[in-house]
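Just the one chain here, laid out as structure tokens, in the form predicted alone.
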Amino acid sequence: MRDITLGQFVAGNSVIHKLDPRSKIGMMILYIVMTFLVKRIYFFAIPLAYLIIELILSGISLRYILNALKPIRILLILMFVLNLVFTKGENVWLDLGFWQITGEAVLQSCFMTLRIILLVAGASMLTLTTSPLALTDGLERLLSPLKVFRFPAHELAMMMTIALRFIPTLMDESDKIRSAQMARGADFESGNVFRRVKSMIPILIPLFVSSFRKADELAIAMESRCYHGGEGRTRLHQLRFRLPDLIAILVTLLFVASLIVVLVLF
């Protein structure tokens, strides 16, 4: 649980860290589009190259990205197995009588698994290089045109950022509760699946109580600082779109265009 990086911010002075949060959100959206445009597994080389370049420029350790994949390792295995079982094909690699493993099934399993890995890694790069406050400001500014339709842009951005920010806090809290319960003799490792799931109740109940308590404390702290939503709110740091932001967006668009050209030609 200590290794979970979703919602975690790593302070730095790199080119990626200095970009406007609106630019990084736009780059993230383009990266997601680029990932879903891929139709063949070898075309994943383009979004993978983009992710590697971003990782190098940000100075973020690869360990953070690998840690972000740890919580979904069961999902990745399940996704791989399901595609391996239900994908039909003609190129049979292994015939077990009741089940045939085909080359098409293996390729599809690797394709779907790699897509999820790239999406999670890209989302982690956004939160690792953008502080929660900057992410809130960026989301609010991007959603501000919807205020014409009375859309609560500030409130939505605040809720999303608080949710991301409290993921590491809640994980750390659950780790502490688990250690305390184990010190009292609780067993979370032995027994069948149903018994192990039932043994999680002593963790979940205190975690829910702690979550509501933290939410109440946060609400009181915000009210004591005269927080009343986005109306009339000023900012210490104003967002400015600079030349590096333009270059970053253009480079991302270049990768998307390159992928589209490759898809059309091949």
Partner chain sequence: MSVVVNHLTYAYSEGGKPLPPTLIDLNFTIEEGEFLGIIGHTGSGKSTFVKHLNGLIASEKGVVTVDGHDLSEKSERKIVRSLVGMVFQYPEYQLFAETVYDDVAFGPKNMKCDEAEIKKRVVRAMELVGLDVDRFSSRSPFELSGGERRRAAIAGVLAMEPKYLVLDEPMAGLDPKGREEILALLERLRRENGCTIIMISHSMDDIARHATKVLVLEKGSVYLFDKPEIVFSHAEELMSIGLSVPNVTKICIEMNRRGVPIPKTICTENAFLNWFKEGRKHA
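Think of the rigid core as the biggest set of C-alphas that the two forms share within 1.5 Å after superposition. Numbering follows the first chain given and starts at 1. Since we're looking at a predicted model, the values are computed, not measured.
Beyond what is shown, the protein has a form predicted together with its partner chain; the following relates to that form.
Its partner chain is not drawn, but in the predicted complex it has no heavy atom within 4.5 Å of residue 169. At the 4.5 Å threshold, heavy atoms of residue 206 reach its partner chain in the predicted complex. At least one heavy atom of residue 185 is located within 4.5 Å of its partner chain in the predicted complex.
Taking non-hydrogen atoms only, residue 181 approaches its partner chain to within 4.5 angstroms in the predicted complex. Judged by heavy atoms within 4.5 Å of its partner chain in the predicted complex, the contact stretch among the candidates 173-181, 84-92, 147-155, 116-124 is 173-181. Checking 240, 213, 39, 225 for any heavy atom within 4.5 Å of its partner chain in the predicted complex turns up a single hit: 213. After superposition on the rigid core, displacement of the C-alpha of residue 59 between the shown form and the other one stays below 2 Å. With the core held fixed between the shown form and the other one, residue 213 has its Cα displaced by at least 2 Å. Core-superposed comparison between the shown form and the other one: CA of residue 203 displaced by 2 Å or more.
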